[in-house]
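The same protein chain appears twice below, in two forms, each given on its own as structure tokens and labelled structure 1 and structure 2.
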Structure 1
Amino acid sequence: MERVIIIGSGPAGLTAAVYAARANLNPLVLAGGLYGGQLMLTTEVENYPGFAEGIMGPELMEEFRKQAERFGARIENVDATSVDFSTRPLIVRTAEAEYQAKIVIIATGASARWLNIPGEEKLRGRGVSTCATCDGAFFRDKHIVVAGGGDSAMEEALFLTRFGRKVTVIHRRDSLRASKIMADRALANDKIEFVWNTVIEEVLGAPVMTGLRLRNVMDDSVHDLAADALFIAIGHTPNTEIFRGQIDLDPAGYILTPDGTATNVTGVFVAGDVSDLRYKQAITAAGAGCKAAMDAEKYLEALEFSMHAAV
């Protein structure tokens, strides 16, 4: 029987682990085979408070992990494969074991959607990114490309005009899917150009990105575009597949939180991008992890007091 199981090991999960461990809850963190969340895919992180010179994403997550372990969190690099929240205690399963817990904190994050084209993976962090807030400042006075046509793509494009000398939006259709206000803002911005009815076939360059191979979907013509950076803004997928049918999700698959970090299932709390459609930053995820652990501690305190009182 575990008092607290934390599923996930990005900024939200490991911050929850720090707070839960310091509260003597002896948390077990199921970190996943690839721990650390989306920061493991980034190079330099310049906007996390406390690191004036910036820090590499994987290095930052290693520091999170060491801090959690220093206070007694137990971290296992295994994936949760299923859960059963219909019973008490709560059940979390991995490929090798079944755990029982009084509290579960879900911090499984969300995964940025990628284009899955040649050169994309090789050049991640070398010109290819999914986070303008994280990486835009690296491309001052450069030609920046944004892939996408929704609100998030327009937000990224508008934000990137602060840095790039030119921002080109590439969209597979002939009109934007973004809301009218966001579309109008982007279309009215002199620094933003649009390439319609076009898809990106390949990211070019080595060791850093130098351009893109584009294909017009109307006539199948192909041409190369010189550019320094590609920001992919085609949405995120919350990592909630194992929770379907166990907990309330919104239509996009994000976990709903009717009260703070608490979910609709008693004893199950949530933190970070798995329930955050809006901010998706390491600092906001870490803050949510703190809140989830504090809420869990209060819940557990009340639960154990009532159990002792009943005895």
Structure 2
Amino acid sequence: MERVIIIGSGPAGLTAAVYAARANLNPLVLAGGLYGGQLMLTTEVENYPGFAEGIMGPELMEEFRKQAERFGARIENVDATSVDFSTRPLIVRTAEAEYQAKIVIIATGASARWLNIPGEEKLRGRGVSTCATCDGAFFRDKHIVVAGGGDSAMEEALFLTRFGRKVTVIHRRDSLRASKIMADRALANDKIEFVWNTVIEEVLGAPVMTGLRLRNVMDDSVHDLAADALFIAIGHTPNTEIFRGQIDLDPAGYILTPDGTATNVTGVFVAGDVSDLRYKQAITAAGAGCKAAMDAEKYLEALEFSMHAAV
């Protein structure tokens, strides 16, 4: 029987692991096959306090991991595949094992959203991607398109100017959602062109992407744009599939937290982007991980005290 199982290994999960380990709770972290969360897919993180010159995302996550391990957290690079929160102890399963735990901290984060249009899936890895830092270098001197109007889209577009001869941002409205500083940087960049009020209807080409079918939402006109790559940066979906039916979610799938980091299920706590539609920052996720571990510790103390008192 585990005292604490943490599912997820981004800033939220690994901060929870540091705090839980230092509280002698001997946490087991189910880190996922692709451990480290979204920062593993970024280049430079400029806004994580304590790193005045910035730090590479994967390097930052490696530090998080080493810090958690230093205090005894056990980290396994496996995915949780299902849970049963209707029984006590709580149950978490992976492909290979079934674990019992007094406490579960969910920190499974969120994943990039796709457009769900024809051609997108077929051409994934053949021009279509959600990760500029992973795939940008494949498109040197090519025409690259970025979909979206938020900070991620601006960040990707700016980053991709290092590789592409031209970067076109396609946004469905006529104003950006991105923060002013990011928007200004992208708008001022000569290599970036904006196409407004336009949606992408189809990714064209075989076996590799050669273009996009676009529709102007103002006049419904359709035309094809020749391009070599499409980077989709239209936000994220919380990773809550395995918790559906086990815990209260909001309509968008984010885990609800009626009281601090506690969920509607006693003994299950949550931290990070999986319950945060609003801030979605590494630093807020780390802060939430700290809070979840502290809440879990208090809960466990009360639980173990009452069990002792009962015998």
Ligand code: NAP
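For numbering, take structure 1's sequence and count from 1. Basically, rigid core = biggest C-alpha set you can superpose within 1.5 Å across the two forms. None of the values given here were measured: they were computed from a predicted structure.
Only structure 1 matches the form predicted alone. Of the residues F51, A23, G235, T168, the one at the hinge where one rigid part turns against the other between structure 1 and structure 2 is G235.
A rotation of 56 degrees carries the smaller rigid part relative to the larger between structure 1 and structure 2, according to C-alpha superpositions. Aligning the rigid core between structure 1 and structure 2 leaves the CA of C131 offset by 11.2 Å.
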